[in-house]
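Okay, so here's just one chain, in structure tokens, the form predicted alone.
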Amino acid sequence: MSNRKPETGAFFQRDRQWHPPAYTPEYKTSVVRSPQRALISFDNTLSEITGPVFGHAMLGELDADLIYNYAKPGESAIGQRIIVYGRVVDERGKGVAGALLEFWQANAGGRYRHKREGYLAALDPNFGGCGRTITDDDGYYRFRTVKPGAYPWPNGVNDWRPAHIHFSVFGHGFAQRLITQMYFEGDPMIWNCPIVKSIPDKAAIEQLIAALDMNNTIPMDARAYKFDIVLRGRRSTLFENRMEGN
């Protein structure tokens, strides 16, 4: 348990110029999923600025190790072994402690373990493709996995998803829920993906690309990729016309 006093107050409003538009015809499913009417913004409700509390006691021993958490005894997942690590911060750069990260991905051949999977790549019997972890007191996280493969998807005639890992992140409130994807530095397929192309700002795309970090590799075992995540921050309290607490 932490003795830190929890922050209160509403979160910053979402910057919709930074996020991709809901309607992006090149990303086929956005056509039917996008809102039909203008969006309306509301102030944060109490249920949004408060939220779940996660503890390390809820994690299994191998939840943050996708190489072994689905494998049979004495076996492991097939593929390039990697470490993914980074820090979860808010918009002020302050670490978000106790954030729950859930992640899921295709295997090294680009196939998901899902009953509706349509790609005929091999299914690795020792790879489940999902895990979770909780950030430490300073917002840092870390997990092990294998590098996922690219795969085709029925969007265009010959569209392929670049290698990626999905993230679901819960911060201190439901308004800090983030679902996103992490790509890998140096992958030329990133810039051909219709989903990636829906993001209007190149700088925003680059924040989704994890950097190869050879200084944090495990020699003869696993490479490392660094991926920091930014959640919505709390509004600061005004005191005598000055920003208090920053």
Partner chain sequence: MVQQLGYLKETPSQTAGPYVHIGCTPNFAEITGVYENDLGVSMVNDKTQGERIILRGRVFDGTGTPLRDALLEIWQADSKGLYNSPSELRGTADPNFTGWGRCPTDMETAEYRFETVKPGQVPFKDGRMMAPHVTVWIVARGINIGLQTRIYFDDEKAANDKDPILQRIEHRNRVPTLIAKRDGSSYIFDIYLQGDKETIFFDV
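Just so you know, these numbers come straight off a predicted model, no measurement behind them. Residue numbers count along the first chain shown, from 1.
Unshown form predicted in complex with the partner chain; subsequent notes refer to it.
Taken together, the three residues 85, 144 and 210 all stay farther than 4.5 Å from the partner chain in the model of the complex, as judged by their closest heavy atom. The shortest heavy atom separation between residue 219 and the partner chain in the model of the complex exceeds 4.5 Å.
In the model of the complex, no heavy atom of residue 223 sits within 4.5 Å of the partner chain. Contact annotation for residue 72: none of its heavy atoms lies within 4.5 Å of the partner chain in the model of the complex. In the model of the complex, residue 35 approaches the partner chain with a heavy atom inside 4.5 Å.
Among 96, 150, 78, 130, the residue placing a heavy atom within 4.5 Å of the partner chain in the model of the complex is 130. Contacts between stretch 47-80 and the partner chain, counted in the model of the complex as any heavy atom lying within 4.5 Å, involve 47, 48, 49, 50, 51, 52, 53, 54, 58, 63, 69, 70, listed in sequence order.
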